[in-house]
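So this first bit is one chain, no partners, the form predicted alone, shown in structure tokens.
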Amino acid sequence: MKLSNNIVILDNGAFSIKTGTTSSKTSKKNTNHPRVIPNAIVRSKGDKTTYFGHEIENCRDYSSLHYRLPFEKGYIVDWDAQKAIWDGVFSDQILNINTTESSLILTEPYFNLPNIQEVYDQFVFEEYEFSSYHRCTPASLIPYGTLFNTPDLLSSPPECMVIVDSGFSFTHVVPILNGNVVWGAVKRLDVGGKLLTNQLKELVSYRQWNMMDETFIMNDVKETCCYVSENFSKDLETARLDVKSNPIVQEYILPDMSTNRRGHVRQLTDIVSDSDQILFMNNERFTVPEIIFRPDDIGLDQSGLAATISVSISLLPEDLQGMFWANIGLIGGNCKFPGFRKRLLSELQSLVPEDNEIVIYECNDPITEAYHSALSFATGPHFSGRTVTRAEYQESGTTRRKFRDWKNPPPPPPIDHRGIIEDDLTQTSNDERPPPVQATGNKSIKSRVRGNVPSNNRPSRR
């Protein structure tokens, strides 16, 4: 029997879908841990089988997998593939829901194009016939979550925050003021997990084994072995030492498809046979994630992540900039690299104005943080006022009046320093409205902020 009267959460990322259900009638979540499903259709050359989304876990031969991705350069371009994957998600194999009697929270890319947004709406209301839905970016959900929770601030998130969302296609720096995305200050770095995996494939293929067709295996190598260096020059010198005396080197034993053995990092107790194929991961472990902080290492004419954050904050109201420096949150899969937070904090120290404090918040799982924030939003009192019903869509044929975004911002609301959400704003979308450009007259905030953010000059390599 299919479930009804539920709220379905679909954090539709380019690499994976984080999904689950909850009920608006109770604060108790039905699904605390989301199902993480690859957002891809995969063809295995080994068993000649095609796997759709959640079916990939049934694959036993991961060699030379051919990927068909709905997303390309951050946007959905293959709707047939996306529909096939969503069909599996809504089926009795995963969520087992009755879409006609359920509501939907769906995430979309930053700066999503209007024509693509219309296709989202058509699929939700005409293909799956959801009773209502809310569409927003992942960062706009974070104010409802617990990323910024501290012992001193448990009830409500800060009014000013910067979300660093480093995902599969891009890395975005998203300032949020009073619960609204400040679109004029959002910045994009053209480095994501896909680029890092491709770079690792090229390095390993040139130096050791030909791994250009082994996307699945090399992505696992990246997630298992790579880390962000806190002292790049020192680690680079250490990596030049002999392999036997080099503490950086890790031996990754490649999968053995004949015995269904997954790839793994060699441990001291492992016995290696002559038939085992081994990747020696040396400076590749830290030079690949280094691209996030130094895109010019591979010829990208962009500043690194730290300088991008500095530029984004410099575009915000001057008397509030100190509040943004003190509330930087990390989400997205690339933030799971060991050392990511420490390296970012170290580079930002040279860019922050005097008398301003830098605080960077991280969570246990940055991949599912947007999903958990959506759970809190779905069970909150304002969810019903932020959705578009199927009847409203059928009457107007569009959702643009309700879902305000970067191309159609409403007039800026006044800042309410008692909380991030104002009760009188329930009639229009509160997720993506830009704040007033002019500085506010709040003396308590002004007294905490001094100085200007420096210009977008790349910090020199140490």
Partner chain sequence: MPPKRTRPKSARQVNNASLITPDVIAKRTKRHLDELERSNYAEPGLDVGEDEEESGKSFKGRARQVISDKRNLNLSGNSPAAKKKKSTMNVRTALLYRKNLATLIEESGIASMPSSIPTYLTARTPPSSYPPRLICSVCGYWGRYKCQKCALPYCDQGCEAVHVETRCERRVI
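Everything quoted here is computed from the prediction, not taken from an experiment. Numbering follows the first chain given and starts at 1.
One more form of this protein, predicted in complex with the partner chain, exists but is not displayed; see below.
- With the partner chain omitted here, the record of contacts in the predicted complex names 92-100 of 352-360, 370-378, 92-100, 132-140, defined by a heavy atom within 4.5 Å.
- Three-residue candidate spot Trp209, Lys342 and Pro366; no residue lies within 4.5 angstroms of the partner chain in the predicted complex by any non-hydrogen atom.
- Contact check for Phe383: no non-hydrogen atom falls within 4.5 Å of the partner chain in the predicted complex.
- The closest heavy atom approach of Ser156 to the partner chain in the predicted complex falls outside 4.5 Å.
- Using a 4.5 angstroms threshold between heavy atoms, Ser275 stays clear of the partner chain in the predicted complex.
- Using a 4.5 angstroms limit between non-hydrogen atoms, Gly299 touches the partner chain in the predicted complex.
- For the candidate set Tyr252, Phe148, Tyr128, Phe337, a heavy atom within 4.5 Å of the partner chain in the predicted complex is found for exactly one residue, namely Tyr128.
- When the partner chain is considered in the predicted complex, only one residue from Val265, Val243, Ala391, Val119 comes within 4.5 Å through any heavy atom, namely Val119.
- Shown without its partner, the chain has Trp183, Gly184, Val186, Lys187, Arg188, Leu189, Asp190, Lys194, Leu195 in segment 183-197 as residues with a non-hydrogen atom within 4.5 angstroms of the partner chain in the predicted complex.
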